[in-house]
Ligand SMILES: Nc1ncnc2c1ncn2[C@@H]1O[C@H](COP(=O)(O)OP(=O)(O)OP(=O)(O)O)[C@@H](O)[C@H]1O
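Before any questions on how it binds or moves, here is one chain, the form predicted on its own, in structure tokens.
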Amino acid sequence: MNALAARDLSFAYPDGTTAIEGLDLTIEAGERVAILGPNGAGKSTLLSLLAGLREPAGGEMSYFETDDPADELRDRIAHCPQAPADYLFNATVREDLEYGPAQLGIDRREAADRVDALAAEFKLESLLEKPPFRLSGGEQRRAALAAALAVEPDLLLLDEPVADVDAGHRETILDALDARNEDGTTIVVSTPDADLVAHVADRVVLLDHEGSIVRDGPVRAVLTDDELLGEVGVSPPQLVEAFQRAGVEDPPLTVEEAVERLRDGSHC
């Protein structure tokens, strides 16, 4: 089943600048997909179109193979924007985590249990009574993601989900995404950072500066194509680049993969 399908999708900014034109994209339920591209490629715009937060100039969107628009599927779709403060608008972090379940009419006791579990998972317990605007950028990022997950969505759209997050909390977020995907949640991540992609996706949709898809394929095939990445202005993963310079034809994509190969006695 498709989680979403875009057909001939187009969008232009108010000044007439075309951001996306004639884009086709289908994402299957349960996939992990990264939208990768340089700054200015329209990644955030595309993600907001996929979330139903912008009106396209042309084309159409469908979700879960239904005719329901995105705004009628708020119990199934969640979107975290690039600026997490845009997602946090209540007086306290607790109220932001409670907001989604309240809008869906979820029982207060169940909602409270969800909030407590998410606060523990994202290490937000000491922040629950604080105003969101007093949090650091990384704290806001964790709070926004927790708020999005409070509705237990089937489709999760994330714009740069670990930006401004320190190493320890970065792992917390990545572990949370892995756990949701294992439970069947479809995850789409937008990022300019090729180093992140292998940790959050199995498939990459690569955009160029014009917002066009130049490659849509498995993570390994895209991230090891340094010539293509260079053409669109994306730096290859640092580990991939280092091993390719050393003459390794099939470089590891992550430190964990490199260590595993060494332990198995495989050539990196």
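So that there is no doubt, residue numbering starts at 1 and follows the sequence shown. Predicted model only: the values in this text are computed from it and were never measured.
Not pictured, yet referred to below: the form predicted together with the named molecule.
Contact check for A19: a non-hydrogen atom falls within 4.5 Å of the named molecule in the predicted complex. In the predicted complex, no heavy atom of G230 sits within 4.5 Å of the named molecule. Among residues of the shown chain, G40 is one whose heavy atoms approach the named molecule to within 4.5 Å in the predicted complex. Mapping the unseen interface onto this chain, Q82 counts among the residues with a heavy atom inside 4.5 Å of the named molecule in the predicted complex.
Screening 198-206, 219-227, 238-246, 31-39 for residues having heavy atoms within 4.5 Å of the named molecule in the predicted complex returns a single hit, 31-39. Residues of 142-161 that come within 4.5 Å of the named molecule in the predicted complex, judged by any heavy atom, reduce to E160 alone.
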